[in-house]
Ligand SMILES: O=C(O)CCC(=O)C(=O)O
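As structure tokens, one chain now follows by itself in the form predicted on its own.
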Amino acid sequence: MSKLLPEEIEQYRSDGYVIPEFRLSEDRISALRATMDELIDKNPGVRPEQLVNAHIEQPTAEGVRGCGDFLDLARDPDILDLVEGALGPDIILWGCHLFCKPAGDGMEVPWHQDGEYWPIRPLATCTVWIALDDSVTENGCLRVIPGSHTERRVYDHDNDGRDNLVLNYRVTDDQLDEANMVDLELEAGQMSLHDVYMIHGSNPNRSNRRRAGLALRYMPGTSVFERSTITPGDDAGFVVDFSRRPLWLMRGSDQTGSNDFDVGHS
């Protein structure tokens, strides 16, 4: 069963994340790993942790050439059933990011909130993070601070200043409480869902095991993707240009009537 169970929806609401019972099959994960290898080969000049727009086959402003298999995955009815439990019936896909941390030198993701980076108003997104490899503490799994989403605000972020980070901005120390931090250890094929306001990150991978995960980004049809809100640039730590970012209406309708589903599509 792919739909979120009532207790899973309650955990998502209270903690800001959930690991559902549903998981992808071994055959599906094997095929997705092959797609990941293709994506990395197509983008030799990009760090494998920074492969944004992994679902878009044509070259994008970010300089990444993606693979259509990841777009097919984002359309999967089972995945959309899970997202519907978090966001409701109107679902728009706006992003997809491959985070592949190579063994030995996989980059750190500092503590942050996704909402610091995204031009969505009102701010709302459910990220589905799918483990393509076993993702454990040793190889730099996703870490979360449960309940950090409850105030529904973006905390202050500072530029971390280090060079070996996937993202540049970090929640300031005076607003960060790691006492309740949880490592989201996942087997390949498992996934987690997390809220746009939840503080999360991941340690560098110094192990001898690769850690790869795919993040699918969905927003509700009650929000607008305001492309002009954030100026194109590399402040995030890699090139980001939302001005031509394509959107896909995956389920339901655009309740705002203001989202442009033509921009960025070839």
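All values reported here derive from a predicted model rather than from experimental measurement. Residue positions are given as counts along the sequence shown, with the first one as 1.
Below: the form predicted in complex with this ligand, not depicted.
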Of 96 to 104, 146 to 154, 69 to 77, 83 to 91, the segment with heavy atoms within 4.5 Å of this ligand in the predicted bound form is residues 96 to 104
Just to confirm, with a 4.5 Å cut-off on non-hydrogen atoms, which of L165, L142, M191, C126 contacts this ligand in the predicted bound form?
L142
So in the predicted bound form, does any heavy atom of H112 sit within 4.5 Å of this ligand?
yes
Contact between R211 and this ligand in the predicted bound form at 4.5 Å, heavy atoms?
yes
Counting only non-hydrogen atoms and a 4.5 angstroms cut-off, does A215 reach this ligand in the predicted bound form?
yes
Just checking whether H200 would be counted as a contact of this ligand in the predicted bound form - the rule being heavy atoms within 4.5 angstroms.
yes
